[in-house]
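Presented below, as structure tokens, is a lone chain in the form predicted alone.
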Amino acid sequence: MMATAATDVALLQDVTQFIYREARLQDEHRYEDWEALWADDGVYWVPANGEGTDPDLEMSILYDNRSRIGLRVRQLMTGRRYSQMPKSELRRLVSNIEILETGSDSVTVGCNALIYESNYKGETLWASRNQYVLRRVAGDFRMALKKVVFVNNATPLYNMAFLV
């Protein structure tokens, strides 16, 4: 799609605000609000062992369709995720937000993220490159795809029992 510089700036601003909101909802463990950000056909993918090109052919840390995303949220809300008792304190830094592609009703976005996790075991930093496909729905965005590629995804990742 051809866009003017003014629409590019406005789109980048809208996308940035959406990604910041998503990060805040995750950090605050607001699972239902986070789930509401997903499109009905959303896919949540965290590849293992590299950049990930096809989740149907490669091993994944996480590969959820929309139904599985809802189940994951309901599991987090049971209070029986013992690895998250007490819940980790989380804060995300999101940077390098780039619009990679625009379509008639969607935009593909890339960004870097650094998650700081603090819990009774100590502190952990999780670094990733994230990719989103966002779809416009009723004046807001919905996530059609969120792909999180951890920098160290070829090594064992211990007890990551929160939303990334």
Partner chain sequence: MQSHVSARRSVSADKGIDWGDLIREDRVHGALYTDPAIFEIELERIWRRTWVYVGHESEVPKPFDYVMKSIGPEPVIMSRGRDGEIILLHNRCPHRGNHVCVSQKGTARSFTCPYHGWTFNADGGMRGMPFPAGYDKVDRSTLGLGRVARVASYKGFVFASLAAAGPSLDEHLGAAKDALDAVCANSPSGEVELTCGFLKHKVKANWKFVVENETDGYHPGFVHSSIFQVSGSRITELYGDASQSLARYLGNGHTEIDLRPEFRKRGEPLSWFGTTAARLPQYVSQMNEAYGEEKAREIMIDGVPHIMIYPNLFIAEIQVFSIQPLAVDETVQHVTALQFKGAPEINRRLRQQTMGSVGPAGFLLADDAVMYEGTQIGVGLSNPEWLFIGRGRHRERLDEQGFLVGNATDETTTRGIWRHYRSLVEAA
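Positions refer to the first chain, counted from 1. Treat the numbers as computed from the prediction; the structure is a model and nothing was measured.
There is another form of this protein, the form predicted in complex with the partner chain, and it is not shown here; the text below is about that form.
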Looking in the model of the complex, any heavy atom of residue 95 within 4.5 Å of the partner chain? no
With the cut-off set at 4.5 Å between non-hydrogen atoms, does residue 58 touch the partner chain in the model of the complex? yes
Though only this chain appears here, would residue 9 touch the partner chain in the model of the complex if you measure heavy atom gaps against 4.5 Å? no
With heavy atoms only and a cut-off of 4.5 Å, decide whether residue 91 touches the partner chain in the model of the complex. no
Please name which of the stretches 32-40, 131-139, 49-57, 103-111 has residues with heavy atoms lying within 4.5 Å of the partner chain in the model of the complex. 49-57
When the partner chain is considered in the model of the complex, the residues of 74-100 having a heavy atom within 4.5 Å of it are 74, 75, 78, 80, 81, 82, 83
